[in-house]
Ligand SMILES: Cc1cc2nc3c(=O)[nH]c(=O)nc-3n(C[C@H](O)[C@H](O)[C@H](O)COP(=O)(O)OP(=O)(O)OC[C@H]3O[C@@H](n4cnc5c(N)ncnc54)[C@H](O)[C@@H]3O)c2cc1C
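This document starts with one chain, in the form predicted on its own, laid out as structure tokens.
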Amino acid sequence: MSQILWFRRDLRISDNAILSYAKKDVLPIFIFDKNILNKLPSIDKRVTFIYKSVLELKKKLQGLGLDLAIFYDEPINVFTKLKEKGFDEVLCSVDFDSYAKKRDEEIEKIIPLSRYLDSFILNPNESLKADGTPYKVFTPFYKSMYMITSSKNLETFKRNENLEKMEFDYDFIPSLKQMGFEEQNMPAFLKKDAYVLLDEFKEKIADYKEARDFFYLDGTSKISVHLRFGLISAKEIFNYFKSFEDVESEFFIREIFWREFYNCILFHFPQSENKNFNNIEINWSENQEHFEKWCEGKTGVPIIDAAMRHLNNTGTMHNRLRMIVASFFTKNLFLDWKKGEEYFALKLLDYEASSNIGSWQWGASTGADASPYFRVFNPYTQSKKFDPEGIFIKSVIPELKNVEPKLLHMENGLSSNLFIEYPKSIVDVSISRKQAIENFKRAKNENS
């Protein structure tokens, strides 16, 4: 039997389903998908990260006596040509977003496709309530996972050591330039191995529950990008923290299952990718100027502007900041969450469709287990509480470095400083909050 091992978001040789289920003669491949890449700007940092990760995977496979054939094309073209070589099937990890499902259905018409779950811990088809319906609220979902979350160790996939690589031209490696991209400087943490990041985070785990909200602190794991592209699996992260039986790690493990929860939501409710999960119809604002100022970090609200400029510059955003900017976007600017989600999809290094969609719907009060519509983050209160000295804000907006911190946490507080030219807020936080609540009330009444 000859099989194609299609690496996608599982760029590792450990705990890898396709390396476990493969039989003997294999052709490992990776496709730089033109359908995806053609929509990205030439300076997209993720492409540089993926490119280097693919080359590293190729080296690791060579160390096992295998190799990696690399393509730059549309998947349908690749498999149409490979079919001519008589392959029996394609093995790959399963993906749940709309493009991935459509792509896989097309490939399955060309060559039999076997999908395996290894990007997540849970199989959505098996993570159901007693009545066979999916969970829509996180806490009961998480409690139902007790047999898993209380485990000391989750079984990982064992690699079949008897695989043999098929004869093929493994020498072709497209350059970033050939694919239309410029090599980007990566944040320092992306140059580290996933386990190095976990070792560093282990030293901070005792403070994680409290420190994770303070975005000026270095208190998070930084593992999300490696997890997103499969340089490490969710099971491996789970097992790592279970291995030293520290009660402080339980809170972090709980966060891993938010990712699982949102994946189950997208699987069972695929329409939530483009529609409000709760089916409420909302007449969002169409103010394009507000949208552009939010994207550019020019809203006149220091914490919002710093968060967005940091995202634009680095491709990263702290989770607390994601909640703050999403609340401002959907409640104060009253813009459609889908536009914000699409912008994050373009910018976030760790962009994961299910988590991003779920989190935006949470912030917009339209999703599963969502924030109540009357809960609106006050950006000034949030910055005062979680960045009292303005350390993060000043690190991103250097022209504010000499400003008295309390002015950063007051609406239009910078207007009182004659030496700073900083724009006034594009909306009144208090008035826009009230308007948003009224709009949600009206929408709920109309849809009841």
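The first residue of the sequence shown is number 1, and the count goes up from there. None of the values given here were measured: they were computed from a predicted structure.
Below: the form predicted together with this ligand, not depicted.
Just one listed stretch, out of 214-222, 272-280, 304-312, 179-187, contacts this ligand in the model of the complex at the 4.5 Å heavy atom level, and that stretch is 214-222. Among 350, 104, 336, 236, the residue placing a heavy atom within 4.5 Å of this ligand in the model of the complex is 350. This chain appears without its partner; in the model of the complex, the one residue of 111, 323, 295, 166 with a heavy atom within 4.5 Å of this ligand is 323.
Of the heavy atoms in residue 366, none are within 4.5 Å of this ligand in the model of the complex. This ligand is not drawn, but in the model of the complex it has no heavy atom within 4.5 Å of residue 93. Of the heavy atoms in residue 359, some are within 4.5 Å of this ligand in the model of the complex. Taking non-hydrogen atoms only, residue 355 approaches this ligand to within 4.5 angstroms in the model of the complex. Using a 4.5 Å cut-off on any heavy atom, the residues of 308-322 that reach this ligand in the model of the complex are, in sequence order, 317, 318, 319, 322.
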